[in-house]
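Shown below, as C-alpha cells, is a lone chain in the form predicted on its own; questions about how it binds or moves come after it.
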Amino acid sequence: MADGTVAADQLRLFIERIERLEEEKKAIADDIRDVYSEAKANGYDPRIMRMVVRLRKMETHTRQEQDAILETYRTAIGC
C-alpha cells in the first residue's frame, strides 16, 4: 500500500503545482490586460499593439515570408 500512497502523494503535488501555475498565469493575464488598458488610455490602439507583439515573437524569415505573401495577395486584388 505504501507505493499507492507515494503515487497518490506525488499526483497530489503535481496537481497542486499546476493549480498554482494556473493562478499565476491568470494574474499575469490580468496584468497584461491592465497594460493594454493603460496604453489605450494614452491613445494607443491595443489591437495594433497585439499585432506588433505577435509579429515580434515570429522569426524574421517567417515574418518576411508572410509579408511577401500578404503583399502578393493585396496586389492581386488591388488593395
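A quick note: this is a predicted structure, and the numbers were derived from the prediction, not measured. Start at 1 and count along the sequence shown; that's the residue number. Each form is matched to the other, and the largest set of C-alpha atoms that superpose within 1.5 Å is called the rigid core.
A second form of this protein, the form predicted together with a further copy of the same chain, is not displayed here; the remarks below concern that form.
State yes or no: in the model of the complex, is some non-hydrogen atom of H61 no more than 4.5 angstroms from a non-hydrogen atom of a further copy of the same chain?
-> Although a further copy of the same chain is absent here, H61 would stay clear of it in the model of the complex, with no heavy atoms inside 4.5 Å.
Contacts with a further copy of the same chain in the model of the complex - residues in 10-25 whose heavy atoms fall within 4.5 Å = Residues within 4.5 Å: Q10, L11, R12, F14, I15, E16, R17, I18, E19, L21, E22, E24, K25.
Large Cα shift (2 Å or above) at E16 between the shown form and the other one, core-fitted = E16: C-alpha displaced by 2 Å or more between the shown form and the other one.
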